[in-house]
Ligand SMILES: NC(=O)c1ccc[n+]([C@@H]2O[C@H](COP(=O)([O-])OP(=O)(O)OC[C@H]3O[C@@H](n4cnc5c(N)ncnc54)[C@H](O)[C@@H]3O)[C@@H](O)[C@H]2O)c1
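Next up: a single chain in structure tokens, the form predicted alone.
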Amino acid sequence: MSRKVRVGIIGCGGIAEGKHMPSLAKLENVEMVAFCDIIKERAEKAAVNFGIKEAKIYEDYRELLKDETIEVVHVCTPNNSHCNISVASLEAGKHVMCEKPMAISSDEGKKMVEAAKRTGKKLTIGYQNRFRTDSQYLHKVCSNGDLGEIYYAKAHAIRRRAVPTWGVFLDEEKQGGGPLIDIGTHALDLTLWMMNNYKPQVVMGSTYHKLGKKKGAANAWGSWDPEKFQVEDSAFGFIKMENGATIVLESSWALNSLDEDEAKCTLCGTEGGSDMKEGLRINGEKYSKLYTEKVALDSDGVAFFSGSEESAADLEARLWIEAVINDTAPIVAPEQSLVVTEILEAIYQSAETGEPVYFKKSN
């Protein structure tokens, strides 16, 4: 019988309740044994719904970390607390799954990577869009070299009107930014992963707070309060990599555009291209003719992909726990997530100063 991995949840709000805890609950080799939240009632509710019978409740994460039987911690708190909690958890001997974004600054992200190396514990970041069926397939295509050298890409995270009005999403201090750090981070992570390119050279960025000033605006989750809308409503970045490749990153919670896409990418290579606009499409040239192929990704589709019914969140959780049990590297490496954080920070910095941000040449 396989051993049970004892997991503690720090932060029992929406992302924990909607993603982390339901996915972990489906795994027979996991026990959720401790729940922590600054609102005690949330932790109590989570324990009832997802915990073992003897699950413990905490209001201070430092008390949870004293439990030496807890092997894994999931950090599902506001962005500005990711670094401190993750570092403390690693130093307490826990493996850490931290919800995205990694941190609100590159300095904090570096502290997390350094703590993982220093302690020998595993650290990963919750970029679940890598685990979608289309993403998994496209990554195989890219890894196989079918697109050739990918030298131009777009990272898409555009919502027409879908501003999250609950929690701390509009709080600049706790969130660290708006749609760029919230959903732009997913699109950028996906794009860099497909390109297998983590060496930025220079970044230019623009951020806008235009529609967030409007009162009574149409919105998927009800009108926002302009007085509380402290972050940008859209942001855009131009990223040039050391090898000359270019990435355009677009993100918005509110933009007058019908071209809506989220956590998707467009790739252009020397041998072919791809996009996720209308399902997964591969394009190229063959026998002096252009072709566009829409990839079938259901269970009866392409033989070279298994067509699992497992959701992206469920697959992410399962592979993470398997990495802990088997002592293998997690799919989302913290060093990769740090580059995402560095680029996002550079876009914000460039938008503020009006100047490009240059990176030190990598070794």
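Values in this document were obtained by computation on a predicted structure and should not be read as measured data. So that there is no doubt, residue numbering starts at 1 and follows the sequence shown.
What comes next is about the form predicted in complex with this ligand, which does not appear here.
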Would you mind picking out the stretch of 81-89, 199-207, 239-247, 272-280 that comes within 4.5 angstroms of this ligand in the predicted complex, counting non-hydrogen atoms?
81-89
In the predicted complex, does each residue in the set 19, 37 and 166 place a non-hydrogen atom within 4.5 angstroms of this ligand?
yes
Residue-level contact is defined here as any heavy atom of the residue lying within 4.5 Å of this ligand in the predicted complex; does residue 175 satisfy this criterion?
yes
Heavy atoms within 4.5 Å of this ligand in the predicted complex: does residue 133 have any?
no
Would you classify residue 42 as touching this ligand in the predicted complex, given a 4.5 Å non-hydrogen atom cut-off?
yes
At the 4.5 Å heavy atom threshold, is residue 100 in contact with this ligand in the predicted complex?
yes
Just one of 267, 254, 76, 138 has a heavy atom within 4.5 angstroms of this ligand in the predicted complex, so which one?
76
Heavy atom within 4.5 Å of this ligand in the predicted complex: which residues of 127-142 meet that condition, in order?
128
